[in-house]
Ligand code: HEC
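Form predicted on its own, single chain, as structure tokens, below.
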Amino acid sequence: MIAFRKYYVVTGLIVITIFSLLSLENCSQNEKAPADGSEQRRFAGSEACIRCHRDIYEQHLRSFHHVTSAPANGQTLKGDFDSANKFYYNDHLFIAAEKKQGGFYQTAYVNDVPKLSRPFNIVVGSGKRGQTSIYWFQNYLFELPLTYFTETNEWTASPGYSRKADFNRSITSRCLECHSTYFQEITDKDAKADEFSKTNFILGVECEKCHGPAVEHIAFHDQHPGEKIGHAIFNPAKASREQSLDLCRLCHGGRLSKTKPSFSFQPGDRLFDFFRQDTGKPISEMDVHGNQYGMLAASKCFKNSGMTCISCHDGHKNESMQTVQFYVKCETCHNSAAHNTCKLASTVRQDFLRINCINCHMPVEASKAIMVLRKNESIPTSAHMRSHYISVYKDISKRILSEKNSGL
């Protein structure tokens, strides 16, 4: 009797899963008219910056900003599409990441029979920690259920997914606001989710995301080639502290509730003219993912100085693993003249300090927000990211010193 009941439970789950997978097929097929592109004409595109800023442009192509979203293809996608390409939800259901028909797809199989297949259209994420991908259906964008997780080099359930093969999670304009330069929203008043133009968008966080639309700037300097002061362009290095921080806080300031449409905010604007200002969370409730500003703002270094994000970061460059470079930035304030050097300076070698300054004071921690479900596991696995709460972490410092002394 127990075996008999188990058979019906499993069969019922399979039927429910198939119904969920196929439900998207019942959506209306009405297609919106193509957008006229009038808003996009304000943007010149990053390639237009090459003439005067070639070095910066070429550095930017290697930055994580540039690759935070891109067309999904053989050059941008990571992960195995041939052998280790399946994620099993149970004995009867799995999704495979596949290359077929000249493209890349995620396909749901029930009892080894393909039931639903959706393409990789846009890849989101540099791949440093992982990549999630999204696909077009009519004018909607949906997240694919599998994510490539770099730390374990495997396909996992996307963050926030349970053991359910779900192709129906819609992408919002606020999500795209942080992972792209621009998307034109064309949402109908009766739409169930945000709708977007398929032709009027700019992937990646490109030059104009941080400097503003550049058509007027380029036209002016074409007519005035001798002019050295940038016209109709925003330069974060010359902005006020609030303007500089608000620009970064747009995407690195945690969850923000918008009061105006996404992509309304422009470089130089006041952030809370476009978003609702919250009371802030205590540091214990902040996550290392997405709220770098909140963690930094809680730090003594931030409170006791005029520092901004660009005091330490060059947004044009790939700064991954550049721990010594950040040590040099710390030295501008923490030096013998200011009498606030590291307490370990007299007991360890200088090269050890240079390598481990931010490892001790800005350690890598597990995220509670970015967690993926791996095959055959019931507890999600965290992605690891560097904390921007600058502080003294005694236990971490002791561990790093212990590893040094033990030769690890």
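All of these numbers come straight from a predicted model, not from anything done at the bench. Residue numbers run from 1 along the displayed sequence.
This protein has a second form, the form predicted together with ligand HEC, left out of what is shown; the following refers to that one.
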Exercise for the section: Report yes if any heavy atom of E319 sits within 4.5 Å of a heavy atom of ligand HEC in the predicted complex; otherwise report no. Expected result: yes
Practice task
Although ligand HEC is absent from this view, report whether H53 comes within 4.5 Å of it in the predicted complex, heavy atoms only.
Solution key: yes
Problem - P380: touches ligand HEC in the predicted complex, heavy atom cutoff 4.5 angstroms - result: no
Practice task
Look up in the predicted complex whether K189 has a non-hydrogen atom within 4.5 angstroms of ligand HEC, and give yes or no.
Solution key: no
Practice task
Sort through 194-202, 80-88, 278-286, 246-254 and report the only stretch with a non-hydrogen atom within 4.5 Å of ligand HEC in the predicted complex.
Solution key: 246-254
Practice task
Flag this candidate site as yes only if I218, D222 and K238 all have a heavy atom within 4.5 Å of ligand HEC in the predicted complex; otherwise mark no.
Solution key: yes
Handout entry: Sole residue of H92, K115, R129, K99 within 4.5 Å of ligand HEC in the predicted complex, by heavy atom
Key = R129
Handout entry: Neighbours of ligand HEC in the predicted complex among 307-323 [non-hydrogen atom within 4.5 angstroms]
Key = M307, T308, C309, I310, C312, H313, D314, G315, H316, E319, S320, M321, T323
